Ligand code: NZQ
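Take a look at this single chain, the form predicted alone, given in structure tokens.
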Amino acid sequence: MNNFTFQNQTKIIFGQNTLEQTGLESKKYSDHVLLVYGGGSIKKYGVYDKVTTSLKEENIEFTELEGIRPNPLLKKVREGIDICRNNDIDFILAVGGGSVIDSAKAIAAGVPYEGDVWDFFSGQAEIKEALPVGTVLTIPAAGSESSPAAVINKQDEDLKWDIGSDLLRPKFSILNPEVTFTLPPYQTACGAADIMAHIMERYFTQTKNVEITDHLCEGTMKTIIKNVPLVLEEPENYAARAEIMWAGTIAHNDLLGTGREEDWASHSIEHEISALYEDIAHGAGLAVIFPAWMKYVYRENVKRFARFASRVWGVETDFENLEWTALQGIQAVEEFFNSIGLSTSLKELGVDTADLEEMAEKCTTRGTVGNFKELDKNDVLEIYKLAT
């Protein structure tokens, strides 16, 4: 186990009837907030009314930035920065899923910075201060509600890059599983793939003697595997929705990565897909890329893949043929994604093979990706080909 420092400042407020606490929590930080959200779903299903009523009860003024879309755009971040500066807003409240929360974090970093916010994503500047952020989570997937990371799409260059800083961890996050009852099945499935990917990016490590986090990872993955089919059959199954929502937070609040080197190649490889093909959900792309990555790298540590097959998927270990066991685990991943309505083929997602080389080039612009096995442009290209 490696040395580590773990500290997560985010206050989690979990459960039924918790949206009504939004104003009380926001009041601790400001009397004027930027309310960031996406489309009309939060208004259609009553989340917007509950949140804004709670803000009004605490006499909190709010200015709205709506229209945040999946694979969130830099231009909306810049718009939010301008609104905050022009209205002396010093707190960002995100109501939505990962794209909304990531946009809020980027705005929070950009407001006090004199240069362009993209400087943080391109590595030209370091985040040294940021406005506080709070969240009301509506889609379990990205884990951004208690993570230090954000991902933004620079549309004019088809770039989808990330930033990370503990200054970006939300001060509080309100998680009410009831608001996820109305999620469409496909969105639920894409969220599950994203959660699984966050865990697997940490689980597949070359670090030895990480038994406690191995078990935490395995248990969280098994929770997703068990409960996602339940909510697809029973959308208003509160108990199952609650398990998924909490698993999504645990998957990406850094706890599961303590003491171990993490990978993150698959996320980097997928980002190039949803940067170029903006209608492809991040989770949908991950469901394609992760099995392909597994097929390409599993021989780097067959024992770990065999453990994954056994502990997570219940494959009986063949100690005379661990490679067979490992491959059974990879197959189980593909079958699970297919069973919840996700594709495991780039062709089925509509990705043109003519774009693969360009994506591989962009993926490795800043160097190799991944730690389980370092991947260069040719490696990434081969993974794309395995995913077609």
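Keep in mind that this is a model prediction, so the values were computed, not measured. Just count from 1 along the sequence shown to find any residue number.
Only in words, not in the display: the form predicted together with 5,6-dihydroxy-NADP (NZQ), which the text now covers.
This chain is displayed alone, yet in the predicted bound form one of 135, 147, 220, 266 has a heavy atom within 4.5 Å of 5,6-dihydroxy-NADP (NZQ); that residue is 147. Look at 69 to 77, 107 to 115, 83 to 91, 225 to 233: in the predicted bound form, residues with non-hydrogen atoms within 4.5 angstroms of 5,6-dihydroxy-NADP (NZQ) sit in 69 to 77.
Among heavy atoms of residue 52, none comes within 4.5 Å of 5,6-dihydroxy-NADP (NZQ) in the predicted bound form. Taking the partner from elsewhere, residue 314 is found to have every heavy atom lying beyond 4.5 Å of 5,6-dihydroxy-NADP (NZQ) in the predicted bound form. Taking non-hydrogen atoms only, residue 247 never approaches 5,6-dihydroxy-NADP (NZQ) to within 4.5 angstroms in the predicted bound form. The shortest heavy atom separation between residue 183 and 5,6-dihydroxy-NADP (NZQ) in the predicted bound form is within 4.5 Å. With respect to 5,6-dihydroxy-NADP (NZQ) in the predicted bound form, the three residues 257, 297 and 373 uniformly fall beyond 4.5 angstroms at the level of their nearest heavy atom.
Along 348 to 373, not one residue places a heavy atom within 4.5 Å of 5,6-dihydroxy-NADP (NZQ) in the predicted bound form.
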